[in-house]
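Okay, so we've got a single protein chain in two different forms coming up as structure tokens, structure 1 first and structure 2 after it.
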Structure 1
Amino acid sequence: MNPVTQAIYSGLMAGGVYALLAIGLIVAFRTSRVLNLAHGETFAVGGVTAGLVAGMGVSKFIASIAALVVAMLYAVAVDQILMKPRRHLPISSLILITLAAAFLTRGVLMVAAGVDPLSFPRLFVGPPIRFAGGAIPLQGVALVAIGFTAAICVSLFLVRTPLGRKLRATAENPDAAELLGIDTDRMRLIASAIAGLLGGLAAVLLVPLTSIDYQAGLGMTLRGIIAAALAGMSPALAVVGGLSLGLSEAFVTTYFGALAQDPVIFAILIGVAVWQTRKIRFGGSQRA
């Protein structure tokens, strides 16, 4: 087996997941101006839901649909129940509220599902595809294809459709958008629903290849933030950010071991933060 080829395959699969998480995070951030630290919990909630439902003997397709619905409802609930009544608070306070929501969700998942990892059958089964000394399962191929396609479609939706342009207007200037007759509260609701749906989709595609437990959300939030930062908080570049992060993780794991993964991820986050603030540090300004 060629380690370089296998690392590329692993990086593509991880990159598809990170692209979905990144674009969901970006869409929600740009409409609310709040970095949602509970965003990765949509992945955890969706994956745990699919695992629990499939464990009841239900079809894996129904379990997947349940995961998507629950993840979307979770994201909407965080926005409507926790964030909407408190939009007058400082952004720093709202970010702390999302962090509290993440830890609360983590506890609820631990009670509901226990501490043992969960998984469910693959949606796409068959012999793996072997090419150039590497192998990728059909579920992995579907993950890469669906993940990147969904991320690209959301980017095009924001640019090419009237509803997408309303979301962008709300992100650019909420006050001006309201003067133009745009219901900004509705736009934020739609943005959170999209973010939740993408987080659930990431879980449905990835969890059958690995497993998930109650504490998976915070790690996915971190990776979504890094991928979004690599993309410059631009939906159009979310695929590039996710792919860059996924490939970096895969090569680090292949050549330095899994224990080196988190230190490298934090180093990337620090490097991106320093790079993104260079204009501010030298007297300029930069908008998210």
Structure 2
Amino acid sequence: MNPVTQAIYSGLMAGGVYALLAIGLIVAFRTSRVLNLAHGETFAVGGVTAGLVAGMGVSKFIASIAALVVAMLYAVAVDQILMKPRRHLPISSLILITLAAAFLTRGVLMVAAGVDPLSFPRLFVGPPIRFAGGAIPLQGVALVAIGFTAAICVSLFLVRTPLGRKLRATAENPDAAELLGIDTDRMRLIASAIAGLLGGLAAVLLVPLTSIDYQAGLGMTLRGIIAAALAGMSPALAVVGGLSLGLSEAFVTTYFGALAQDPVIFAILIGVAVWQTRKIRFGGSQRA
């Protein structure tokens, strides 16, 4: 087997998931200015739902649809029940509320599903595709194709469509957006629904290749935040951010070993953060 090819396949699969998580985080952030630390819970809620429903003997497709619906409803509920009545609070308080929501969700998932990990059958079954000395399962190919397509579609939706522009206007200046007749509450509801749907989609695609338990959410939030930060919180660059993170992790593991993964990834993140703040540090775009 060729470790380099395998690293590319592995990086693409992870990158697809990170792109979905990043774009969901960015959509929610761009409409509310709040970094949602409960975003990874959409992944956990979706994955655990699919695992539980599939465990009842229901078809894997129905289990997947249930996962998407529940993840979307969860994200909408966090926004409408926890965030909406508290929008007047400072952003730092709202971020802490999302962290509390993440821990609360963990507890609820543990009670609902127990502590043992869950999984469910692959949607795309068949022998792995072998190419250039590596192998990728059909589910992995679907993950890469659907993950990146969905992330690109959402990016285009935000940038190109009237509704997307309304969402971005809500993010840029909610007061001005309201004066222009945009229903900002509705925009935030739509943004959280999209974010939840993407988190659920990430779970439906990834969990059959691995497993999930009640505590998977915060780890996924962290990966999503890193990918979103690499993208500069820009919806157009979310795919690039996810892909960069996935491939970086894979190549660091291949060439330097798993022990080097976190130090290298966080060093890259610090480097990107320093680069992105250059305008602030140098006082203008000319020198940067």
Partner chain sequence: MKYGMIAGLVLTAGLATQALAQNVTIGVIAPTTGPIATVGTRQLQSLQYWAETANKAGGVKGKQVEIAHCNDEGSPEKAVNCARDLISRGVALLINCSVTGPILATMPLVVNGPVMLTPSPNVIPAASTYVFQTSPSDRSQTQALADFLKSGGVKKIGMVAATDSSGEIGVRSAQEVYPAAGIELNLARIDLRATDASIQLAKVAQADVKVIYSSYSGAGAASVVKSYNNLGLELPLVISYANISDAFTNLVKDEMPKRLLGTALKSVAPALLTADERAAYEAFEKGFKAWRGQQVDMLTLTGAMLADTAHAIIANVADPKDPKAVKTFLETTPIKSIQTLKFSPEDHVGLGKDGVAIVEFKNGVWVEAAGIK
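Residue indices: 1-based, along structure 1. Because the structure is predicted, anything quoted here is derived from the model rather than measured. Throughout, rigid core stands for the largest set of C-alpha atoms superposing within 1.5 Å between the two forms.
Peer 1: Which depiction, structure 1 or structure 2, is to be taken as the form predicted together with its partner chain?
Peer 2: Answer to the question: structure 2 is the form predicted together with its partner chain, whereas structure 1 comes from elsewhere.
Peer 1: Relative to the superposed rigid core, does the CA atom of P263 travel 2 Å or more between structure 1 and structure 2?
Peer 2: The answer is yes; the displacement is at least 2 Å.
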